[in-house]
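Just the one chain here, laid out as structure tokens, in the form predicted alone.
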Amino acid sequence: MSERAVGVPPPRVMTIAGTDSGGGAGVAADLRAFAACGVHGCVAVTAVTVQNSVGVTGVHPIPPETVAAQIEAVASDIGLDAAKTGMLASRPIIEAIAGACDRVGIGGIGSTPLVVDPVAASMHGDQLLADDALDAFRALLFPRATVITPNLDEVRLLVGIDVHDRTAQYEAAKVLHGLGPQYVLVKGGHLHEDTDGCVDLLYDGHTFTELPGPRFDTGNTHGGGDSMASAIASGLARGMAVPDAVAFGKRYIVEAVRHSYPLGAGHGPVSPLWAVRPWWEEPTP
């Protein structure tokens, strides 16, 4: 990644997502990924969660009009080169986001790219959103999305396909693309039957592209989906075509999982630190 001239602003990317008090996922993971990928991160908080490495014990949604106002305030002044969504909490919040995106030109062909990470399932596969919120994802956000990035549990909740093999992964990509996004990335991290590694599948309605990667024997993958979507959004903000941005995101998350670390009694986070130059170990000039 080339050095940027001092004083020249980097690309600007917004995360529209919830907090994680344990720092492993949500906007914390997004902002770490943005920094590691060389972009400036902005935030529209959708919910404040009470959580640690073991689980979530509280979710406190932000008023929908406040979520929309955050998006509009940043877009009208700082400007945005890409945006991504994470945990959106409720249908009214999703409706407010869709309206704000339309007003400021986020999402849709020819507009600011939008990566939709449909955070709808916990790490254990449990449904996190009410059915009406899942409907809103399908009806309001997917048609605006440049790329959507569901994991296999989210595929099951969104389109009812239980992916147990590569054939079903291809079928799920086709069904999801029919809901309106420009690209679909069906992530293969939960396809444990696949012994060839971790293969993500990108589909644009015509062409399938497999993105293979290693599978690591670790339970420390908290925030992995958030981080990958943020890296993809960073690539788009840097002017990459979607396939190149997805490959960029894949490279980032492979290394982030490789360098993940334990934290607390539960699942530790993926780590952006592999991408950070250890300036503190260098001599003071």
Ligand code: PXL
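This structure is a prediction, so every number in the text was calculated from the model and none was measured. Residue numbers here begin at 1 and follow the sequence given.
Only in words, not in the display: the form predicted in complex with the named molecule, which the text now covers.
Enquirer: Which one, 23-31, 254-262, 231-239, 60-68, holds residues whose non-hydrogen atoms are within 4.5 Å of the named molecule in the predicted complex?
Expert: Flagged stretch: 23-31.
Enquirer: Looking in the predicted complex, any heavy atom of Gly223 within 4.5 Å of the named molecule?
Expert: Gly223 belongs to the contact set for the named molecule.
Enquirer: Even though the partner isn't displayed, in the predicted complex is Ala173 close enough to the named molecule, meaning a heavy atom within 4.5 Å?
Expert: Because no heavy atom of Ala173 falls inside 4.5 Å of the named molecule in the predicted complex, the answer is no.
Enquirer: Just checking whether Ser271 would be counted as a contact of the named molecule in the predicted complex - the rule being heavy atoms within 4.5 angstroms.
Expert: No, no contact at 4.5 Å.
Enquirer: Taking heavy atoms only, is Val116 within 4.5 angstroms of the named molecule in the predicted complex?
Expert: Contact check for Val116: no, nothing within 4.5 Å of the named molecule in the predicted complex.
Enquirer: Decide if the three candidate residues Thr19, Thr49 and Met87 all line the named molecule in the predicted complex, where lining means a heavy atom within 4.5 Å.
Expert: Checked in the predicted complex: all three residues contact the named molecule.
Enquirer: Quick one: of Leu202, Val104, Leu157, Leu128, which gets a non-hydrogen atom within 4.5 angstroms of the named molecule in the predicted complex?
Expert: Going through each option in turn, the one that passes is Leu128.
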